[in-house]
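The chain below stands alone and is given in structure tokens; this is the form predicted alone.
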């Protein structure tokens, strides 16, 4: 049998792509290396609590096509809970609103004066478009000032990305950046209104099952083989063969693009120079603890200070009451996330310093969670995509396209690629 499409990977990009193709009556097979579906949005039950193994994924979108497609498969009123984002920042043993520039009035007076001086100086200058700056560091300093950069933006971003911000190119960040309006910042600090412009300032979350519920629903009716890592790809007479047994006219590859040459030799030998660059692309993983903690009304807590190894707490127990063990009582579940690989002892010692009387229940390490761009990364990936598309080999997803997609953006990209067919 020759499939119309074989999708490699069953994360949100792979499942969405396969679902859209199945709507068009295409014969689709999904091959998944792990024993379960979901990729980075996979969830499990641990100690009676829902455990987001990587991050804490919620759904919303400003793209009407994404919303229309998504809600075809779900009952918004009965299967999801609408929620408002309540994010804060933990600094200096105090809570600050998020984004920080809208809550400057809570800063100590000496720091506030420096921030205001920076903002007044920046507001008097001619506004520069984001692409005017050479790198992410210059952008942050040029838009928020040295004081806020050193206080928050540098330590937090450095902790997440673990990469020199002056080496992060601006072309990757186009459309992803906070663009400050100094008049609005001043008004916000006077009026003290809640932020509402961010795409996830409000969101929908499944009553049961978290993001795994979304994966499982979209996967209904799809032909999926788990425990099937793709270790070999060959090409002959316009037909791709995977693992010497699965044949297709088109491949949708959502795996790690850095592994592609290894599993497809010698068919991409003519792209060796390009793969030499792509295989050196940097990334790092995440480690986290599923915890129980005191009840709070927070959804996210960002932790920028260098003295903490963790960078955020995701209060998934507040996303749905069904995420919590029935035995929690006045406690809820949350996930404490660390960039990079951290050992269990380090993480359990760390949570003793954090607010909320945290108690560890489970832990997880993900080798690759965050992709990092360097100069010419986007050019290299685009060039590879163009070459592969000529052979009906499509790259989609965070690690295939080297783009930092959330669930909604992954769905949006799959729709843009396959829906117009």
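Treat the numbers as computed from the prediction; the structure is a model and nothing was measured. Positions refer to the first chain, counted from 1.
Beyond what is shown, the protein has a form predicted together with a small molecule; the following relates to that form.
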Handout entry: the small molecule in the model of the complex: contacting segment from 161-169, 68-76, 224-232, 301-309, heavy atom within 4.5 Å
Key = 224-232
Problem - Interface residue in the model of the complex among 28, 43, 395, 58, criterion: non-hydrogen atom within 4.5 angstroms of the small molecule - result: 58
Practice task
Could you spot which one of 391, 375, 365, 34 gets a heavy atom to within 4.5 Å of the small molecule in the model of the complex?
Solution key: 34
Exercise for the section: Answer for residue 6 alone: is it within 4.5 Å of the small molecule in the model of the complex, judged on heavy atom distances? Expected result: no
Practice task
Please run the contact check for residue 337 against the small molecule in the model of the complex: heavy atoms, 4.5 angstroms, yes or no?
Solution key: yes
Handout entry: 4.5 angstroms heavy atom contact with the small molecule in the model of the complex for residue 356
Key = no
Exercise for the section: Classify residue 402 as contacting or not contacting the small molecule in the model of the complex by the rule of any non-hydrogen atom within 4.5 angstroms, answering yes or no. Expected result: no
